[in-house]
Structures are given as structure tokens and as C-alpha cells.
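One chain is shown next in C-alpha cells, namely the form predicted on its own.
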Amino acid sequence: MLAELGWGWIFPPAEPLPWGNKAQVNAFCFFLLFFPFRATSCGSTPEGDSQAQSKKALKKQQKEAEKAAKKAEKQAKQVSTMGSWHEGDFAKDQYGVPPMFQSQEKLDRVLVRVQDLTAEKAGQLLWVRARIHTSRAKGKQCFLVLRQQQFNVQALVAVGDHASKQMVKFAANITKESIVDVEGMVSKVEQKIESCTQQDVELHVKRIFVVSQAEPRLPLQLEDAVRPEGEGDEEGRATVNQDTRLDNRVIDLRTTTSQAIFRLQSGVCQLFRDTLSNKGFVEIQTPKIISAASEGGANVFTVSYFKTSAYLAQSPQLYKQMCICADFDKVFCVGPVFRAEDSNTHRHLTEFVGLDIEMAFNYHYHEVVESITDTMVQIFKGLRDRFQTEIQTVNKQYPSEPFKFLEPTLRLEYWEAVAMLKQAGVEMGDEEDLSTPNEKLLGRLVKEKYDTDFYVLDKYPLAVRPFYTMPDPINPKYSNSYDMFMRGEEILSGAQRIHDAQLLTERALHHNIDLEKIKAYIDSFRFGAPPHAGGGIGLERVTMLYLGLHNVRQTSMFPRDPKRLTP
């Protein structure tokens, strides 16, 4: 068969092969070249892979390999016989595989979005470009589901005036995930198509052409990847684990759930920018390669910088504050933040997107707190009003309660939170920092008492905050600092910054910080600095908690953690 494709024998046999004819051998070689077998069991682990596999597992793998080989042989036969399909076919110009798109020509053809295929367009002949999500041949017709991002529509190819048997067969054999151009008549359906987003219409296909053909063997099945957790176990169907998703991220990102997550996340960024711009903030860009640890800590990535060393920025804080000292008054930035923390938790990444704010205030740092909380409320409102489709799409796979917030935002002082926790049976000191379990418990207590998922915790103990945090003027054991929480997890840490060089030096020495390493930072405040405050928000964490997801890797497009550096 490969010889017919012009490739000849891959391994010319010295004598007749006893175990198969020439076509079978070539098909198997085709399979080995393009579809090397690799186990993609959803439950596999590195430990399990290193253990000796049982006979049953080996037999199962062998069957899967044989099945994949047969599918590859069938696919290869399709390629080799494509030309013969057109012989004597009245519909031969209505389907096929055109030459590769190399910008040979400009077409006036208008491609309609799948999400725009509604009952109002019934009776219209339209072109659509989409992926083959599923196909099902039945007699003289073939049902396709065409998917475009998070929307899909049913299409029907049936033998008739416009479609021949060969055309139906061609459509049925297009591999999943292939990209096709389809011309079809929009037709209303009597009964809603529950399995598609476009439930009131279907496309009656007149022409279909393959723009880009996918290999027949996918590393994961999209229908498995969107199956709700637990449902697969109950029904004996597969689900896809996190590592398999991340190892094959390009495929996983095609799922309707992933499409919805990252479109909503884009909305968070846009709403953040729009809200702050309307408040008079200026967007700035700050260096990510710096000469010293930006927060005076040790959790930094060191990089070679010509003949010396440099660091990846833990935070844009120094540069935000320098801009305040330079009279920009209100600034924000959106960019990557790096943390060399060996934390393999559900909410930590070594690289994430920071939404950072810094603002000069007139008399009290609560002016800044109120500006940030109002920004968050505007984001929550925008997501609720403009991204309902995405929220509902995610909820189908990962159900969660709608996110609740108050106006104005609830603000509790630290001592009040400690009192609530103690009343709930937690033993902790008044100046002790909150542990992650206590943060989550506090979130539940706040939800029960105030019916909100978003709140501010103010006046943290000075001992648990960084050296640059302004002490409380009344009780020096506390500070003018605050955290903001969503569903019981911290999404922002902020404070009034010390803007006096002498006090900043004293606090740094109190924390045993080498003054030489932060000299540039301290010097920024020697020439007059307005009182100011700010904070940093984690984009991925906000997205995760707003949607009620359980792992920040679900909301990081290509996550980086201590165990993952690819893709």
C-alpha cells in the first residue's frame, strides 16, 4: 500500500513474509512510523509505570495496539483510494482534500461562527469552518458534530441530489479533530438536540472539504476530558487525569471547559484594566530580571547575567513604589511573577500572572483598600453579567455554588477573625498567622454569618508581615496591612508601605536583612515619597476560586510548578 503512495517498501523483505501480505505489512509500518504506541491510561503514575506489568495489562495493551494498527491501516487505505472515489461520482466536486492552504488565493467566501447558527438563520446556505468532534454513519447518511471552540452544531450528510454515497462515506471517514470547511443549509429541528450547544438547528451539508486532517489516534478523547468527575467511575467510562491533560495540553485546551475557563480569565484581565483605567490608574511595565531579590527573601530564581548573577522578579513592588515616588499617583501592571518555592499544593505555582496595584492616598490607607475592593466587585459583576455561557459550561463538568459578594465589601479586623476561630474550637494565639486550614474554616464561618464569598481581613499582626509594612499607629503589635479572600483562600496580600527611609532601615535591621542588598529600594524614599499602599493579586487563583475549581493548574494555560517545566 505504501508503494502505491510512492514510498515503496520501508523494509524490503529478502523472502516472502509468512505473517501477512504486502498491504498488511506496509500498513503496519505506516502505523509504526506515525502512531507509535504509548499507554495513556488515565490512572497511570510514574511509580506504576516502573513496576512490572501484569499479563492482563500487557494483553490489554496488545489489543489496543492491534486496534490502533487496524485503524491506521484503514486510514492509509482511505488515502490511497481517495482518487478512485471520484470515478463516476456526480458529487465529486462537492467534497475532498484540497491542496494545502499556502495563501494561493483570496476567496470572497464568508465563514459563519458556529455560535451564530440560530433558528433565525433557517433556510440560509452558509459556510462554516470547524473541527470534526464526532461522526456517526447510519445507512445512507452520516451525522457529524462540528465544534468550534466552546460551541457545536449537528450536521447531516445524506445521499440525495447534492450528496452521493461516496461523499457520505468520505464524510464518515474524516478523522476526529480534523478541520473542515462545510457549506450547508441551516434547518430547524423538531426536537432539540440536547448534545449540542446549538440545539434548535442542524446543518444539511452540501459541500465538505478537509482543511487539515488529524492523525487517527489521539492522545486523549475530548469526550473523556469533559466528563464530570465521578460520572466515569459510576458508568465504567474513562476520565482523564491531570497529568495526562497537561502532557497533552494542546488537545486538552480544545475542550469546551478549557475554552470557557480561559475566555473567562481573559475577561478578568480586561475588566481589571478597564476598571482601573476608568479610576485614573496608569498601566506600567516593570523589569522581570533584577539585581536583587525584590522582597529581600531567598525564594528567587537565579539566572546568569553576562559575568554576574541576576534574579527573576518575585514581585514588581519596588518598581511600583518607585513610580509612586515619581508622582504617577496610581499605577497597575499585569505580568509574570516568579516564586522559587518548592510547594506542590493545589494553589501554588512557580510562575503566575500578577495583577498588581499601587496607589498614593491622601490620609488613610483604607482609601486604597476601598479602591481595590471596588475593582474586584466590578470584576465580579462583569463576569456575572457577560460570561454566563462560560460559567455554565464550566459548571457542567465542575459544579459549584454561584460566587457571592457584598457591596460595600465586608471588612473584618484580624482580632475579630481570631475570635470567630476560637469560638469554633481553634486554638491559636492572637498574633499567630493563619494556617491554610484556618483560612478555609474562616471562609466557611464568614459565609455562614455574612453570606459572602469575598471579604477583607485587616490589621494583621506586624510580626507576620514583611519588613516594609507600616506599623499600626495605635497598637504597634499590629500593622496597616490586609489580605483579601475568595471562598476562604487568599487572593491578595497588601499593606500601607513604609515611605520613610529611616523607619524602613530600622524595620529591615529588625528582620536581619542585609541593607546592602536593598540599598536601591531604601534610597527610593530619600527624596520625598507620598504615603501609599497596594497589593498583588494572582490571576490564576482568582479564576480558580470564582469558578469554584479545586486546582490552580486548571486555570494556568501552561502551568509551571516544581515538577513541571513542559510543555
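In this text, residue numbers run from 1 along the sequence as written. As the structure is a computational prediction, the values presented were derived from the model and not from experiment.
Just so you know, the form predicted together with a further copy of the same chain exists too; it's not on screen, but the next bit is about it.
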item	value
Residue contact check: Arg541 to a further copy of the same chain in the model of the complex, 4.5 Å heavy atom	no
Exercise: Ala463 in contact with a further copy of the same chain in the model of the complex, heavy atom 4.5 Å	no
a further copy of the same chain contact in the model of the complex: Asp523, any heavy atom under 4.5 Å	yes
Contact flag, Pro336 vs a further copy of the same chain in the model of the complex, heavy atom cut 4.5 Å	yes
Heavy atom within 4.5 Å of a further copy of the same chain in the model of the complex - the one residue of Ala225, Val201, Leu412, Ile284 that qualifies	Ile284
Listed residue that, although a further copy of the same chain is not shown, lies within 4.5 Å of it in the model of the complex (heavy atoms), from Thr389, Ser493, Gln141, Ser277	Ser277
Listed range touching a further copy of the same chain, judged in the model of the complex by heavy atoms within 4.5 Å, from 392-400, 189-197, 430-438, 246-254	246-254
Residues in 344-377 with any heavy atom within 4.5 Å of a further copy of the same chain in the model of the complex	Thr350, Glu351, Val353, Phe361, Asn362, Tyr363, His364, Tyr365, His366
